[in-house]
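Only one chain is given next, in structure tokens, and it is the form predicted alone.
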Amino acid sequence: MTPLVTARDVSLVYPNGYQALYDVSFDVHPGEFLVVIGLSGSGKSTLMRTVNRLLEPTSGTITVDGVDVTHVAGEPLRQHRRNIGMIFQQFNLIKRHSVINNVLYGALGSMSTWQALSGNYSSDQRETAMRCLEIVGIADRAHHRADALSGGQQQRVAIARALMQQPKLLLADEPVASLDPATSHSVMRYLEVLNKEYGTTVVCNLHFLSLVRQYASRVIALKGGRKVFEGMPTDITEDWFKAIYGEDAVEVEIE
């Protein structure tokens, strides 16, 4: 199977001289639920942002759906980002706006500047937005303000907004880090539905191995900006856990 994403020897050095990634290579295959693990500061978010090309690698190459996007700019970069949905830890909603409008904003990348500025959404776009909200079980809140929702509900709105793009790839950067354990599973289950029932390829950064073991089809681990593990969730033994997280680390279960 041809990979959807191919990263080869990707390194990234920030302008202040800090090197966040060192020669990281991996593939993401269509339909996978790939999870990236590692300590805070290990390079997980940086790696995610290089795939989305919010950051440009210092060296190495990134190919997405057969297109080398390592150094694209202008319209090719906008096209690349239109094909990738992004979910962030802090939701990134416009909280004073309605839930349905926040979801519709996922369509802005495919609209003309005039349409985007005027908010001139078609009836088809509005129907699609409602379907996205139905998928994440929150259509009944479509006309509520986003800041009237709980954290878990807001993250589900963010998932619906990403779906509005009809992405080939969904990137989730610590999507449950701000949520309590019960809500974390709720959000992860919706990502699992998108992956297993709708065939969306997902790459997700996570901290807790209990979530990784339940939802990931494959795992890579970063430590100090280097890839130190790649395999199945069941391959992460206690020795690997300590190698990734440190000798004094204790695994915390999210039930």
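From 1 onward, residues are counted along the sequence shown. As the structure is a prediction and not an experimental result, all values here were calculated from the model.
Omitted here: the form predicted together with a small molecule. The next part is about that form.
Q: With heavy atoms only and a cut-off of 4.5 Å, decide whether residue 244 touches the small molecule in the predicted complex.
A: Residue-level check for residue 244: no, no contact with the small molecule.
Q: Though only this chain appears here, would residue 20 touch the small molecule in the predicted complex if you measure heavy atom gaps against 4.5 Å?
A: Result yes; residue 20 sits at the interface with the small molecule in the predicted complex.
Q: Is residue 52 close enough to touch the small molecule in the predicted complex, meaning at least one heavy atom pair within 4.5 Å?
A: The answer is no: residue 52 has no heavy atom within 4.5 Å of the small molecule.
Q: Although the small molecule is absent from this view, report whether residue 41 comes within 4.5 Å of it in the predicted complex, heavy atoms only.
A: Result yes; residue 41 sits at the interface with the small molecule in the predicted complex.
Q: Partner absent here, but in the predicted complex, which of 41 to 49, 64 to 72, 190 to 198, 24 to 32 has residues with a heavy atom within 4.5 Å of the small molecule?
A: Contact-bearing stretch, as computed: 41 to 49.
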